[in-house]
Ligand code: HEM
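Listed next as structure tokens is one chain, alone, in the form predicted alone.
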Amino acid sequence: MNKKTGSADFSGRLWKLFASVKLTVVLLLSLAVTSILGTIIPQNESADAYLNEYGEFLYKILSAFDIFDMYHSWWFQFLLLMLTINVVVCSINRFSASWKIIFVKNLFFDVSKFRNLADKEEFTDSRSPEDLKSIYVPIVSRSFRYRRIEETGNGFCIFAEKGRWTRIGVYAVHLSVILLLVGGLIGSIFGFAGFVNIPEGETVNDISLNNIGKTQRLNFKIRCDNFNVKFYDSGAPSEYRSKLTILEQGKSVLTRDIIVNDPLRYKGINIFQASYGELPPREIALNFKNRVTGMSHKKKVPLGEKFNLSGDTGQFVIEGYRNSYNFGGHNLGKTFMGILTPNNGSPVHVILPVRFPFFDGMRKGDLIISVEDYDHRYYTGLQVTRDPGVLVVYSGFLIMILGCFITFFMSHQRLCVEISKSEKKSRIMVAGTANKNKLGMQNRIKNIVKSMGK
């Protein structure tokens, strides 16, 4: 066996493999199983979360197979590619037979095949075949775009056809599946999904990808100009809004407010409002009250900066801030942590919950400290995604809807009306075939016969 023969045999076996419906079933089942697995195992969580859930040994095994980001894994992309090739080859393999029917130039009608049909209508008419021709041809033409008259030995036949092109409907569905798979592949290979937290007034151009710790640099910068949040009476947020500016080469090119479900789209990248959080304030307004005299005074202090108390009685510093603080089993909410250092004493830790201004009164000391106000600073949490295959996927959906409509609601219909002279009468046979909706074709034949009788 020479090299050419061996190569041809291999190509033939490969073509046969990809034209197999069994391969389609195997690939679809594999994708179904992996998709179920992807719903059972949370995707794109932190490494610590997976370690706590599965332990170090199982974590390493699952991580080696990219189970934690399986929709971007090489093996999932390979399955999609194999299924795409499989659908393409199956479509090509079966399209050759349909091609001969759809694109034939010289239509051939065999009247004997129509005579042998079980569902046909036969009746007689007292008029001659020539008289009936001028009546029947317009009736058939109303229902069928293409019609042809062929003379026979003792009469004539009217052949008609419509919807030959509808046989391509199933291949439109095949094309839509291919587009969906190709779009998914494009999105999986070239797309990304990540998040970024931007404090008010700051600018970023790097985001953290969802697939565990990797980063993605954008070809533009995002600046958070302002962030606003509104609350219900219960304290739950009713709306949060970010004012974002897109910067390119240091220049502002787009400014827009975004809220939940109303993203900013720029150069194929979608920026969604996903979350928010409060940042440690830079300046706090404190109230100092003398326990003995009842006198108090206010002072604005920066976070983390030590300062002298009035009367040179000591020093104080706000060293930290927490969004929530648990004390004695109760959540005090937003709380500042400070250290008070008297001149003649040891440092004392001071807890200053914002909601409870008299909390420090429980501490035995000359001063009662409370928080009057502070500058509220927020960061906006953005989800940033890019899916270059989305237009391909949308095109696939539209073509699938069109293909399904053609496949299930339209058919290729052929009609034969044979008129032959029988003694002093004309004998008429009306028969037809359809590749789908046989019952609908029978009703059409009956309606045509009724029109002929009239």
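The numbering used is simple: start at 1 and walk along the sequence shown. Small disclaimer: the values here were computed from a predicted structure and weren't measured.
Separately, the form predicted together with this ligand exists; it is not shown, and the next lines address it.
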* 4.5 Å heavy atom contact, L28 to this ligand in the predicted bound form -> yes
* Given that the partner is absent here, does S20 sit within 4.5 Å of this ligand in the predicted bound form, heavy atoms only? -> yes
* this ligand contact at T24 in the predicted bound form, heavy atom, 4.5 Å -> yes
* Proximity of K300 to this ligand in the predicted bound form, heavy atoms at 4.5 Å -> no
* in the predicted bound form, the one of C90, I351, I102, I246 near this ligand [non-hydrogen atom within 4.5 angstroms] -> C90
* Name the residue from V111, I198, L264, V170 that puts a heavy atom within 4.5 Å of this ligand in the predicted bound form. => V170
* Can all three of L83, R94 and V177 be found with a heavy atom no more than 4.5 Å from this ligand in the predicted bound form? -> yes
* To do: Work out which of the listed stretches, 417-425, 65-73, 45-53, 404-412, brings a heavy atom within 4.5 angstroms of this ligand in the predicted bound form.
  => 404-412
* Asked: Using a 4.5 Å cut-off on heavy atoms, what residues in 180-201 are near this ligand in the predicted bound form?
  -> none
